[in-house]
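Next up: just one chain, as structure tokens, the form predicted on its own.
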């Protein structure tokens, strides 16, 4: 970092370091993970840094144990995070479902790499966009944030903790190999200001409440007051398994409504809209850098084009998309997969044309490829 008071304060840093800082500054007190490229840098950084502030960081014997430790820590009062890549998310699936059903706040970092299966461990991709949304049984909504830079990696990690506590649910931070592992020169002033959002807890009473459906009951901590249970089965407000159709419906409507009815609190985009533009570039994650550069180049050439960088992938930011689509005839979606988010744009596009710019060869999408697609 520079020390000249007159010069911008800059540092050379990668996304894994920024995620670690964001978690700690947001009040993370527990981390467990298992080594997996390209997420191991987060594990190593958390094991080095979290104990310095009184937290606990540990390597589990595998991915399943690691996320299980995080769920237990969260129920005991900790703010917990884990980090893995696509193959680890596969192993996390059952416990992610438990977090949804038990309404346990937890942050899950997915540093994407090229799949399927073991795939390309050191190869960039964006293949988990639909996987993190639909990767556990039931199809109930989750929250997924996607940083496109090192400063966003810091800020959105902290935001993930805030949302996990607010909605008592797993929140994914979906990043990728290049953002997590590539060192970038960053102006320190670009980092957003974040703070600790304290958990709201209650003493005694039922552990759950679903009236109204979109309300979120404060958590009870295990070991305090009357004993209560955590179950992955369909349950009533006391956490007892039930087949009562009314109670089953109330539970499942609540799991949907507590997120869907609060989209305005979750939705985040970086909108750069050009009056009179007929083309909208929709991007996220690492490809947003090339998209932003392509917009600048096109405008220099007199081509009017708008840009929407999506930071909250799920739920889909439909309010911002609807506003951005005013006057638009064509949507261009660059992504390092075969069109996983493009299909969401097709759903909201109406009669507009939707064009994908795609690569699955481990090579980044270039500015020229995006410019060519627009022209």
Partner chain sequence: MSTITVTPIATYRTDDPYPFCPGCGHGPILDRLNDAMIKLDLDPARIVIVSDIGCSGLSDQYFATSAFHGLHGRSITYATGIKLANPDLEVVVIMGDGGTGIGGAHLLSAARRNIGITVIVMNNLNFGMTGGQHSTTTPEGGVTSTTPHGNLEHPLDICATVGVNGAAYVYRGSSFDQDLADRFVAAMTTPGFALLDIWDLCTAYYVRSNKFTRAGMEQSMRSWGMEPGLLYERTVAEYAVGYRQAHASIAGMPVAGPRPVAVDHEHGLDRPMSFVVAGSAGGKVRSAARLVAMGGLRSGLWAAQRDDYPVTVKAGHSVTELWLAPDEMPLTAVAKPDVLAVISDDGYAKAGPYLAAMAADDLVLTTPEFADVSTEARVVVLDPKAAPKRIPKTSLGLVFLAAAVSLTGPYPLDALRQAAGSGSFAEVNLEAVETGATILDQ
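Numbering follows the first chain given and starts at 1. Predicted, not measured: the structure shown is a model, and the values here were computed from it.
Keep in mind that the form predicted together with its partner chain is not shown, yet the notes after this line are about it.
Given that the partner is absent here, state which listed stretch (304-312, 322-330, 344-352, 64-72) has heavy atoms within 4.5 Å of its partner chain in the model of the complex.
In short, 64-72.
Of 241, 137, 249, 196, which one comes within 4.5 Å of its partner chain in the model of the complex, counting heavy atoms only?
Contact residue from the list: 241.
Scan 215, 200, 206, 183 and let me know which has any heavy atom within 4.5 Å of its partner chain in the model of the complex.
When its partner chain is considered in the model of the complex, the option within 4.5 Å is 183.
Residue 232: heavy atom within 4.5 Å of its partner chain in the model of the complex?
Looking in the model of the complex, residue contacts with its partner chain include residue 232, since a heavy atom lies within 4.5 Å.
Contact with its partner chain in the model of the complex for residue 290, defined as at least one heavy atom pair within 4.5 Å: yes or no?
Yes, residue 290 sits close enough to its partner chain in the model of the complex that at least one of its heavy atoms falls within 4.5 Å.
For residue 53, is any heavy atom within 4.5 Å of its partner chain in the model of the complex, or not?
Contact check for residue 53: yes, within 4.5 Å of its partner chain in the model of the complex.
With the cut-off set at 4.5 Å between non-hydrogen atoms, does residue 165 touch its partner chain in the model of the complex?
Output for residue 165 is no: heavy atoms all beyond 4.5 Å of its partner chain.
Give a yes or no on whether every one of 116, 161 and 257 sits within 4.5 angstroms of its partner chain in the model of the complex by heavy atom.
Checking in the model of the complex: none of 116, 161 and 257 is within 4.5 Å of its partner chain.
Residue by residue through 118-139, which ones have a non-hydrogen atom no more than 4.5 angstroms from its partner chain in the model of the complex?
Residues within 4.5 Å: 121, 122.
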